[in-house]
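Next up is one chain by itself, shown in structure tokens, the form predicted alone.
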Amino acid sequence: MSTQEQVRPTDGERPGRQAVVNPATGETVAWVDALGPDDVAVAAARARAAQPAWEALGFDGRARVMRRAQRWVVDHRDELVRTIVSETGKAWEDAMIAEVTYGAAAFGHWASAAPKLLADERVKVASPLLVGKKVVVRHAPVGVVGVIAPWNYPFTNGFGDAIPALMAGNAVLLKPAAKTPLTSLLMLRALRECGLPDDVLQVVTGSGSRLGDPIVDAVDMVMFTGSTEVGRGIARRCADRLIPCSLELGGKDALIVLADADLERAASTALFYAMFNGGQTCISVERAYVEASVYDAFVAKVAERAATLRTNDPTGPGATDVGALTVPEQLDVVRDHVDDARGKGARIVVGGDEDEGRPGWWYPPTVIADADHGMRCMTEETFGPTLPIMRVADADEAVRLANDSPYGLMASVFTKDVARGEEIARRIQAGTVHVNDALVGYAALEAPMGGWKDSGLGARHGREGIVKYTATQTVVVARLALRREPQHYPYDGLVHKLLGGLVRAVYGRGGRG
């Protein structure tokens, strides 16, 4: 099915189609096909048939397609931004910083890195049974990868996962979030223009509740980004099938501000990464712990900046600072967390009051002071434009509270003593920890990014971020093959004596193995 067949203009509702709504205005911008389980089965069969030829192109052939796609992203960046904004409601700058920049980097990175990261590896072995034999480890594509994507970053956390899977030689079934399918369909068109063979990448649009299980049942590996609850279900289904999965799940990322921190930088960074993308980022700053001696000053600096943030409709570059919430359900969560904190004694120093008559799904940037762990905003994932701040006595209390969470995705420590900051960072239970920064570690495509605890399994980026899309194979080659080796049948006393002497000579002094 072509992208032109899947996406149609706003010409009204029809059976088997679903609306794509601009969250900033509430207006329908497109209709797309709502596919079903039978469509998934057909797509998987096509992908399986197309995959061997794609693998046979080798790294160089696949990289040529990826580099053309990199140029496409650069040349069509404004079209890509408009598409992302139309279905997410985010600011144009959010889309450019976190999605277009990421896409341009990812195509080039994986085109260059895949041949090195997945190259055959000659292994030096110690066993005397392998003398004269060559041992090689290779990474073969698993076959068909299912990428189930979230709505908050339709390129970066959706289509972005397809890039390394494709470079590893796999075919991909990409299931974008039902609310945000347009970016994936645009990039499917782009890759076809760049020479990707038919059916190697297919975008399956429709409801996750309807298509999720059929996708898991049809593919050889699953990459999922989304909630911990849904991730657990996918992991169970993958376990039943004995196929691998990689899960990037929820987060409640902590930011710690010590008394000696540069408060200007700490406040600016905390606010930006709490409100960026409307706070709808698994690795956004979701809670702050500030040492008592600088607490009031930090809150004041954050509040001063937050009060100036604009929440206009994202009509173009520079139009707004903080965009809309992408799905209406998230508005309810944010509202409940703020109301819960207010009711339990927190101070809402900025925001907290909605514009009830405004179309679309909006919540104002909100700073919550005097928060504590009895409040949902400090312990549950909010995923919205809020920054709750808690006073702590010292670094030890801050670390204890940061670790008092089922999540462990990212965290930050601010201090002028960089060595101490790194020592504290190593005590925090999270997959990535920054010192005097936040969130930007995601841009390090060369380093693994994954979660601890309930924040997921596996990693994207780094060597781990592409090896996971492969099956490991060890090849053993007997180069100097005897007609009969000493240990072959028939057994006799001499064989036993020779083997015993070999064990004593090789391992008796702890020299090998």
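On a predicted model such as this, the values are computed, not experimentally measured, just so you know. Note that residue numbering begins at 1 and tracks the sequence as displayed.
Keep in mind that the form predicted together with a small molecule is not shown, yet the notes after this line are about it.
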item	value
One stretch from 372-380, 350-358, 260-268, 225-233 that, in the predicted bound form, holds residues within 4.5 Å of the small molecule by heavy atom	225-233
Contact test in the predicted bound form: K90 vs the small molecule, heavy atoms, 4.5 Å	no
S209 within 4.5 Å of the small molecule in the predicted bound form, heavy atoms	yes
Contact test in the predicted bound form: M449 vs the small molecule, heavy atoms, 4.5 Å	yes
Any non-hydrogen atom of R460 within 4.5 angstroms of the small molecule in the predicted bound form	yes
Position in contact with the small molecule when the complex is considered in the predicted bound form, options G143, G250, G421, P244, heavy atoms within 4.5 Å	G250
Of A341, A177, I389, L255, the one that lies within 4.5 Å of the small molecule in the predicted bound form (heavy atoms)	A177
